[in-house]
Ligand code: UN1
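First, one chain by itself in structure tokens, the form predicted alone.
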Amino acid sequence: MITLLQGANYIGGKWINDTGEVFEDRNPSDTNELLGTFPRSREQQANLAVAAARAAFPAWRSLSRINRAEFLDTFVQLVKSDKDELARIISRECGKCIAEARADVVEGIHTAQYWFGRARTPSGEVLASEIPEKDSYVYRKPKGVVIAITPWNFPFAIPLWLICPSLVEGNTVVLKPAEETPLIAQCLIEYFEKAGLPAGVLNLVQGYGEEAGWPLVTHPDVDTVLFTGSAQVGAMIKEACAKDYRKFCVCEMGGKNAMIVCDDADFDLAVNAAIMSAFRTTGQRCVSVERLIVQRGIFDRFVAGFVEKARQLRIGDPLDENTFMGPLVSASGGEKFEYYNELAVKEGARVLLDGGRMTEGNYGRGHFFRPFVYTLEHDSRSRVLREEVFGPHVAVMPFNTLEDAVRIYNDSEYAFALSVCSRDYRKIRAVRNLCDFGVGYVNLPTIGAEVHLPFGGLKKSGTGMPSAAGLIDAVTHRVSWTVNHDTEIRLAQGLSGGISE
């Protein structure tokens, strides 16, 4: 594996750095550490990448589905030997704790393995026709050129969620990774290059969203846009794609997720699940919980237990195996976190943990913050209870009846992840049926997605199918194919096949 301090774009099977401008990639745990510089791409590089993908499409789609998937198997064999090294790169580049970084790599491996295996399973259907002499089929065809715009918080797994189904189904791809994690994206492409993937089938364009991503989204020769990121950017992408009659998009756009804790819950399990939901990846997951909705009968006890656990969390170097919470990914992420912490106070929160910036010793070289935890009665007018913070920022809110909990939970523009902690199957079933969510958990934290399950949200959280399993409907279109085996024309619905003269 080659990990260059001076990165490059990968277009048409060649590594190219012709932008004249670069951006820096720094370690959020220690901003003095420069990991590399990468090309600051613009419209010219976006156009070249789309042209390369379009040129490679006819030959790639002509391969069998199984032949295309063989490249994923080779990719996996190469990655497996370097899992630990890749995890360390992820930790250094985005601040994820090393255990979570390893899981990121393993999830990417599982995604590629899933699609390698799925290549030998049915990709269409054989359906009965009204006419006995006819056979009817549903057949999947690739869309064409796919743009994958991916986030920094799962910089290995999420690109593979989007790339693997796209490639297996016969599309060609341009990847535009987050500017916070260009190095691991380049590593990923290097493995595909070593696996022998034909030139132009998978391309890499580094840079900022407005400069490199937007020209890709709006390019007239792009067929599908796959995006994971903020609701604001996702809304712009959906609007742009809606204006192009032939362009499809899938957007996964975060959430204001919640855990409902009933008074009959296993107390210790519920507290641990809440801690993991709120503070894994330093609260920087699209499924991270920022609202804990707790029944009044156990509210004070739960708050005390949760705060005590949160206070004891080990914050520090993500490469240390004992660290639970690393830094926020960037200075702007820290500023946003502090803004919402101050907003909570203005809106009447009772602060239990102050979420302060950590500046002592080595902490001062990175973007380290303590958790911010507060209690607040639910109020539909509250911004801090409705807007995504994307950090270790948690509101604990009381409820009386299960109907109250459902109402509070659903009072959100987002609908991504939900957890309910209870021993009563009737309560659990009611939450499942009445709450709006895309990913649900029972007596579990809101993390731990598996690649063969749906993963996506509703409402402002997205279009509901960015997972490895569900993405096939975004990167293919289904066509019907009816074959007549008779010497005469016979039509459905009783329509005559004769021609009057």
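Each residue number is its position in the shown sequence, starting from 1. Only a predicted model underlies this, so the values are computations on that prediction, with no experimental measurement involved.
There is also a form predicted together with 2-aminohexanedioic acid (UN1); it is not shown, and the following applies to it.
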Close approach of I447 to 2-aminohexanedioic acid (UN1) in the model of the complex, 4.5 Å, heavy atom: yes
So, in the model of the complex, is R285 in contact with 2-aminohexanedioic acid (UN1) at a 4.5 angstroms heavy atom limit? yes
Quick one: is T181 in contact with 2-aminohexanedioic acid (UN1) in the model of the complex, heavy atoms, 4.5 Å cut-off? no
So, in the model of the complex, is F455 in contact with 2-aminohexanedioic acid (UN1) at a 4.5 angstroms heavy atom limit? yes
The listed residue (F154, F306, F227, F75) that reaches within 4.5 Å of 2-aminohexanedioic acid (UN1) in the model of the complex by any heavy atom is F154
Interface check vs 2-aminohexanedioic acid (UN1) in the model of the complex: of A258, V294, I158, L175, the one with a heavy atom inside 4.5 Å is I158
Within 4.5 Å of 2-aminohexanedioic acid (UN1) in the model of the complex, heavy atom basis, the matching stretch of 355-363, 368-376, 285-293, 234-242 is 285-293
